[in-house]
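Take a look at this single chain in structure tokens; it is the form predicted on its own.
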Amino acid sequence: MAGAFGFKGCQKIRGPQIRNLLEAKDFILLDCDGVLWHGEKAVTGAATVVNSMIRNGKNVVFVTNNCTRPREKYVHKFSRLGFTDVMLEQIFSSSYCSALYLRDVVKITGQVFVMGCEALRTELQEAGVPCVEEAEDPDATIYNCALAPDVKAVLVGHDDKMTFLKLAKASCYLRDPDCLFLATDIDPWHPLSGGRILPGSGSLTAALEVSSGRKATVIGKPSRFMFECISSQFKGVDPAKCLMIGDRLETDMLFGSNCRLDTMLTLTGVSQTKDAEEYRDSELTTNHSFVPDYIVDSIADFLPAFDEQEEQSN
């Protein structure tokens, strides 16, 4: 489908072009942070667009690398911000997909050491995946702390209570070549207000990769596994009938490219048009996987398409 409305690469589309593109797609995959909201503030028009998509029969799913809240809390956030038609089954977070990977793909038999936040542990526990229980001992060091004997996987996610001891323990567990090394995602950082940034899961994963001498298997975007999760839970998922909408070239657009989906960049988040054009014009062909097929200023650019549909139906 890519290029049906022009050549592939950073095509700015509006109005009828968006309507035609939307009509050609059965599944709409949406990133959340930077596309639908910033923190606790919804992007203007985003809730109306998403609710209209769902009510017009589109299969809308949400694919987020944010592992800091379990899916049930995501449902509450969607509702709180005006996304009234979103259900639990539509949400695919990196923490939820990590739990599915451990339970259904590798069928983990021992415990998982989690270097991440409590929400990540919650998703694993709800899936029946056992986690190492960490004892609260402020005087413990890697020299005298207890190590669990049956750790079969180390999972790294966002961890705002990261300690040197956690890193050291994870490094020790990964000395066993049979212990799996997984990462929810490799996002390097996240924007905060005032120009500040928050280190992402990718920065913690990189530290553990150096200390262990191993490379992590990534579960979230841009890995294909998130799309495989969606395909396993929804019938008739055809990549040619899917559109991936995101705000980050190195995760969202690459994820779409890896899964052979059409991609759309919104300019309300991390990446901007000039970033996409630099990748498009690069002599390195590997950089072309970061290039979006289409660009819109905001998800709100979809609003006229639904207005026209309503006018035609009246």
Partner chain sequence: MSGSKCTRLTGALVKPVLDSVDSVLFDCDGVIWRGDQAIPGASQVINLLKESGKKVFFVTNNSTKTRKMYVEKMTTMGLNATEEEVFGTAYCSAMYLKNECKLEGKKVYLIGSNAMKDELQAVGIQQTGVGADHISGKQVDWANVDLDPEVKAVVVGFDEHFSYMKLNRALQYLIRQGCLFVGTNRDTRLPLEGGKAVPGTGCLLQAVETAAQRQAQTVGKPNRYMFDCVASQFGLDPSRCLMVGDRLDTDIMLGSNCGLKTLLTLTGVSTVADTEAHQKSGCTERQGMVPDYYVESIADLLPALQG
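Numbering follows the first chain given and starts at 1. Note that the coordinates shown come from a computational prediction; the quantities given were computed from them, not determined experimentally.
Not pictured, yet referred to below: the form predicted together with its partner chain.
Next item on the list: Could you work out which of 204, 119, 179, 91 is the residue within 4.5 angstroms of its partner chain in the predicted complex, going by heavy atoms?
Entry: Comparing distances to its partner chain in the predicted complex, the residue within 4.5 Å is 204.
Margin query: Just to be sure I understand the contacts: of 168, 81, 127, 132, which is the one whose heavy atoms reach within 4.5 angstroms of its partner chain in the predicted complex?
Written below: Looking at the other structure, the residue within range turns out to be 168.
Note to self: Within 4.5 Å, heavy atoms only: does residue 240 come near its partner chain in the predicted complex?
What the structure shows: Taking the distances in the predicted complex, the answer for residue 240 is no, it never comes within 4.5 Å of its partner chain.
Notebook entry, point to check: Is the gap between residue 144 and its partner chain in the predicted complex 4.5 Å or less for some heavy atom pair?
Noted result: Result yes; residue 144 sits at the interface with its partner chain in the predicted complex.
Note to self: Residue-level question: is residue 234 within 4.5 Å of its partner chain in the predicted complex, judged on heavy atoms?
What the structure shows: Residue 234: no contact with its partner chain in the predicted complex.
Item checked: Contact label in the predicted complex: residue 110 to its partner chain, heavy atom within 4.5 Å -> Although its partner chain is absent here, residue 110 would stay clear of it in the predicted complex, with no heavy atoms inside 4.5 Å.
Note to self: So, a 4.5 angstroms cut-off on heavy atom distances: do all three of 161, 172 and 197 pass it with respect to its partner chain in the predicted complex?
What the structure shows: Yes.
Next item on the list: Tell me, please, which stretch of 72-80, 221-229, 96-104, 145-153 lies within 4.5 angstroms of its partner chain in the predicted complex when heavy atoms are compared?
Entry: The contacting stretch is 145-153.
Check: Within 176-196, which residues come within 4.5 Å of its partner chain in the predicted complex, counting heavy atoms only?
Finding: Result: 188, 189, 192, 196.
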